[in-house]
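Presented as structure tokens, the chain that follows is alone, the form predicted alone.
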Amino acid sequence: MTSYFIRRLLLVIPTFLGITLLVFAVTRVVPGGPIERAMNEALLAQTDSAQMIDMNSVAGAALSEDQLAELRAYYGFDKPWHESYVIWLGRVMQLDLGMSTRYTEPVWDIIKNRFPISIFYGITTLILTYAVCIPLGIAKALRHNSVFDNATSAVVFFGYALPGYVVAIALLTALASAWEWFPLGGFVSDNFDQLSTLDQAIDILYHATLPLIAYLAGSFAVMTFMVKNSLMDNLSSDYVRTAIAKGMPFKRAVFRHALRNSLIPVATSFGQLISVIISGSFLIEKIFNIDGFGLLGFESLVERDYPVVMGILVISSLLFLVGNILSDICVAIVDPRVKFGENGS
């Protein structure tokens, strides 16, 4: 097993290089980069007009060739893309993600400021999803086709049918705007620093209630029915029927034998959720005015802030690749039949 995980760790390197190389190459060919934005700002400042103009035909009217050459050198567009990629990769190896073209701040500082918010919502959503869906899936499997099963299925499917941002808008309109039970947005109150530790925790939960409901609305269905269907399949297996036929109590057969095998699909997806922890949803973050990772990534793409885009890609891709390895570890822990030999099987 040790050799298998060593090979998986070594496979992270070429996979990471392939992902970043592809995205880096795309950022060099799409229009509307930082140079075009600088040209647009210079032109608008000169003409005092917000009308869209072809930058390539009138660039000389706002910026000279020397200024354009200086901008290309500053942003690294004066070299071939593959040469720029090698330079960028060398900086990443030194934990330098570059300078944001939009905020004119180090990319790592910008990303680091979003970590607490994204990690809070991501981990809380993950814990609540597992804490609710696994017991609910077990209860639905043991009471299949009962009133409880049908009623909870209707509620779960209703939440799954509504996109998270629709739930967010409905909650914000009803509970925050109309009835004023919750704040309209933000992560904390304006006087957060003046509160005690307990009041700060309450304030965070007070602001996080509606966004968490919106995050959880669509994730319940998949996990709940994954647990239910997997447990029902194992309950109908020969080894469970044999254990019951030999006199083992039904509850013991369920929780000691069937349940552990039923959690294998859950364990498989656990590691892959690591990257989702910080990704968030830019629509929900936009609706609730949460300055998190998802909104930062979306705005960076819109504004063509390529250093921030690449910085987010570095972190999310590494988390995803490491998460795949964690999935294998979780499966090996839950399923004792899994053995990773020298051939990787």
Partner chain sequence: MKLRPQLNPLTQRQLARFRSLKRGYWSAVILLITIVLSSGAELLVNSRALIVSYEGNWFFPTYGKYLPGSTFGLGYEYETNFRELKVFFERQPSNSNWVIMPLVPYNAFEVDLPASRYPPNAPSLSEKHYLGTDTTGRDVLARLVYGFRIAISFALILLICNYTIGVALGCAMGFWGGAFDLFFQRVIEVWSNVPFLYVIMIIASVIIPNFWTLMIVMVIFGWMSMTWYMRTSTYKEKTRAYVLSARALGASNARVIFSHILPNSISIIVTFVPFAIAGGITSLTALDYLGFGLPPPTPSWGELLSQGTSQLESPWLVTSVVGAMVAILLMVTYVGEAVREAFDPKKFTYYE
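Each form is matched to the other, and the largest set of C-alpha atoms that superpose within 1.5 Å is called the rigid core. These numbers come from a predicted model, not from an experiment. Numbering follows the first chain given and starts at 1.
The following text describes the form predicted together with its partner chain, which does not appear among the structures shown.
Note which of Met223, Leu172, Leu136, Ile111 lies within 4.5 Å of its partner chain in the predicted complex, where distance is taken over heavy atoms; exactly one does.
Flagged contact: Leu172.
Counting non-hydrogen atoms within 4.5 angstroms of its partner chain in the predicted complex, say which of Ile127, Ala161, Leu95, Ile87 makes the cut.
Only one option qualifies, and that one is Ala161.
I have Ile213, Ala217 and Ile329 flagged as a candidate spot, so tell me whether each of them has a non-hydrogen atom within 4.5 Å of its partner chain in the predicted complex.
So, no: the whole triplet misses its partner chain.
Leu22 versus its partner chain, in the predicted complex: is there a non-hydrogen atom within 4.5 Å?
Flag for Leu22 set to yes.
Would you classify Ser177 as touching its partner chain in the predicted complex, given a 4.5 Å non-hydrogen atom cut-off?
Residue-level check for Ser177: yes, a contact with its partner chain.
Just to confirm, Asp78 within 4.5 Å of its partner chain in the predicted complex by heavy atoms?
Output for Asp78 is no: heavy atoms all beyond 4.5 Å of its partner chain.
Contact with its partner chain in the predicted complex for Leu319, defined as at least one heavy atom pair within 4.5 Å: yes or no?
No, Leu319 sits far enough from its partner chain in the predicted complex that none of its heavy atoms falls within 4.5 Å.
Across 295-324, which residues bring a heavy atom to within 4.5 Å of its partner chain in the predicted complex?
Going through 295-324 in order - heavy atoms within 4.5 Å of its partner chain in the predicted complex - the hits are Gly297, Phe298, Leu301, Val302, Arg304, Tyr306, Val309, Ile312, Leu313, Phe320, Leu321.
After the core is overlaid between this form and the one not shown, has the C-alpha of Tyr306 moved by 2 angstroms or more?
Comparing forms between this form and the one not shown, the Tyr306 CA shifts at least 2 Å.
Quick one: core overlaid, is Ile287 moving 2 Å or more at the Cα between this form and the one not shown?
No: Ile287 shifts by under 2 Å between this form and the one not shown.
Superposed on the rigid core, does the Cα of Phe225 end up 2 angstroms or more away between this form and the one not shown?
No, the C-alpha position differs by under 2 Å between this form and the one not shown.
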